[in-house]
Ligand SMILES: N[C@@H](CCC(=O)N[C@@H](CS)C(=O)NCC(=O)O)C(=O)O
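Shown below, as structure tokens, is a lone chain in the form predicted on its own; questions about how it binds or moves come after it.
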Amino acid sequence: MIKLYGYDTINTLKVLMFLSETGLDYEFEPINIRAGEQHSAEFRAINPAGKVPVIWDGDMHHTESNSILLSLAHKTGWGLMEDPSLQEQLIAWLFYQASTQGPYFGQIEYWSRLAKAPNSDALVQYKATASRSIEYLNEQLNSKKYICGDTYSIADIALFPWLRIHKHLGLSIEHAENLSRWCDCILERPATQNSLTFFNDIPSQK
């Protein structure tokens, strides 16, 4: 059985969505990042970087959410693309999410809600770059149901959680019709709803 170490984080939600889509059995181990449990010696022995999520798949611990998605997809055969060229696109989207979308949106979260000393210039800058990311994704979804075509994949799972909370971040997708449709489509999936129900209950589990 898979063991998932996580908390109520964007990256933990990605893994929960995959597990719900595939119906894989898993055990959830909450690591309360607000209490600093990710820095404990016990958890650092699992992931020296002190980050969640981490999974144990019976053979080894896997870290970094998009790498976890890719590893699970290869093990199960779910969430990948059959066409090699589309699979290359999928990999590129995983890198884009980790290197561009995630950092842009994460910096908005930091400067608007977490930073001890506000920095309005930084917030304006990152909102502008995140808005450009929204425009780019909207363009890429023109005439496509999902980010790599007609098939729902781990690339969609990777990109969705930050966009789900765009209003919380002070961002708008009102005029990004393709992206809005895509978000609604993913949100309506039973596996997404199941994941969010579990995800929203995480803080009370420990």
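Residue indices: 1-based, along the sequence shown. Note that this is a predicted model, so its numbers are computed, not measured.
Not pictured, yet referred to below: the form predicted in complex with this ligand.
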Legend entry - Candidate site Leu69, Glu88 and Ser153: all three near this ligand in the model of the complex by heavy atom within 4.5 Å: no
Inset, instruction - Could you work out which of Ile46, Ile33, Ile173, Leu169 is the residue within 4.5 angstroms of this ligand in the model of the complex, going by heavy atoms? - result: Ile33
Inset, instruction - Taking 4.5 Å between heavy atoms as the contact cutoff, choose which of Arg181, His39, His61, Lys144 touches this ligand in the model of the complex. - result: His39
Inset, instruction - Counting only non-hydrogen atoms, choose the one of 145-153, 22-30, 52-60, 173-181 that falls within 4.5 Å of this ligand in the model of the complex. - result: 52-60
Inset, instruction - Answer with yes or no whether Asn194 is in contact with this ligand in the model of the complex, where contact means some heavy atom within 4.5 Å. - result: no
